[in-house]
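We begin with a single chain expressed as structure tokens, specifically the form predicted alone.
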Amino acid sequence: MFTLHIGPAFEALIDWLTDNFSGVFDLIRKVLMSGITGLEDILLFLPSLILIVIFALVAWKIAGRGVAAFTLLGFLLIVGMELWPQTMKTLALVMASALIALVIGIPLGIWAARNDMVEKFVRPVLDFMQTMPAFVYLIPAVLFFKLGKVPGAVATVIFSMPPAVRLTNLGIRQVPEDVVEAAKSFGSTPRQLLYKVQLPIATPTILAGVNQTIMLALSMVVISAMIGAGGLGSEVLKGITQLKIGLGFESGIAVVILAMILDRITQALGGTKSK
């Protein structure tokens, strides 16, 4: 009966932002690029075997012997498949993106938990971020930050942030009311209530949000490779576009190994060690 296209308005907004804030976007691109390449340089500086031993020891300390053994064998398999540099580039991108998402998401979740109006405003925004197809994020990201790792990181941050906000909000709101009232009755200030009562009790739920944020960041690997993010995603994409079945399978296995290692370690941070 009638037509109403909102796409042109969105396109006009993106064009206006690009024209008027190009300097800001260039600054953000340079900062993010330096951070990502810095992480890559650190991860690729040491020989692979030494870094694998370090990762295995960290996994043993945090998650137990089983995860440590899987970390050692999994990374050795990645080295054997000659995918170590790509894996470290992917890990650097995931670490940078997840860190940004957590730095923004956890404080926002705390704010939403302490203010109902903020929670009502944030909820539909998070719904939008989680349900919008991830490919759509690549369009403005490329226009703002050009091709490469930075637009991939920005799209990954947007896609992976909602669990950090939601679970931080949920964890603080689920703190028993009698515990909160007891803390207030002993004269706790709002800051003391947050840092000494609510956050310690909500830590397992918040760490679950950290785990989900990292997993979602890793799930963006192949999509980010479409705009030049590199890493294992580019190898998977090469296997798809060039019908290199073996390369695609090996790259996919490397992504699975990395995902399982990160998942088990971050799960152990909020629970018990694996035996």
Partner chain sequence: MPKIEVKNIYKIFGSRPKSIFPHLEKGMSKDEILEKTGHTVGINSASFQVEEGETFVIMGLSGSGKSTLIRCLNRLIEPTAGEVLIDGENILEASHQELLRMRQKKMAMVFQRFALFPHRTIVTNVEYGLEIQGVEDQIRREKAYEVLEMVGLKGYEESMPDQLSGGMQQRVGLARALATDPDVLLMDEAFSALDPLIKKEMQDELLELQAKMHKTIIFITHDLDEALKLGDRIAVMKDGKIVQIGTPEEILTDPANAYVKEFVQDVDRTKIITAATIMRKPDAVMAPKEGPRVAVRKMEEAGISSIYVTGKDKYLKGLVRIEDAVRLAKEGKDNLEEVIIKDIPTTAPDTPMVDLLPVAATTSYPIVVVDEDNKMLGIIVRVSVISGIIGRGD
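Residue numbers count along the first chain shown, from 1. On a predicted model such as this, the values are computed, not experimentally measured, just so you know.
We do not show the form predicted in complex with its partner chain, though everything after this point is about it.
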query: Region of this chain that lies against its partner chain in the model of the complex, out of 153-161, 171-179, 91-99, 119-127 [heavy atom, 4.5 Å]; finding: 171-179
query: Touches its partner chain in the model of the complex: Arg114 (any heavy atom, 4.5 Å); finding: no
query: Exercise: Gly80 in contact with its partner chain in the model of the complex, heavy atom 4.5 Å; finding: no
query: Its partner chain contact in the model of the complex: Pro133, any heavy atom under 4.5 Å; finding: no
query: Contact flag, Leu76 vs its partner chain in the model of the complex, heavy atom cut 4.5 Å; finding: no
query: Residues within 4.5 Å of its partner chain in the model of the complex, restricted to 173-187 and counted by heavy atom; finding: Asp178, Val179, Glu181, Ala182, Ala183, Lys184, Ser185, Phe186, Gly187
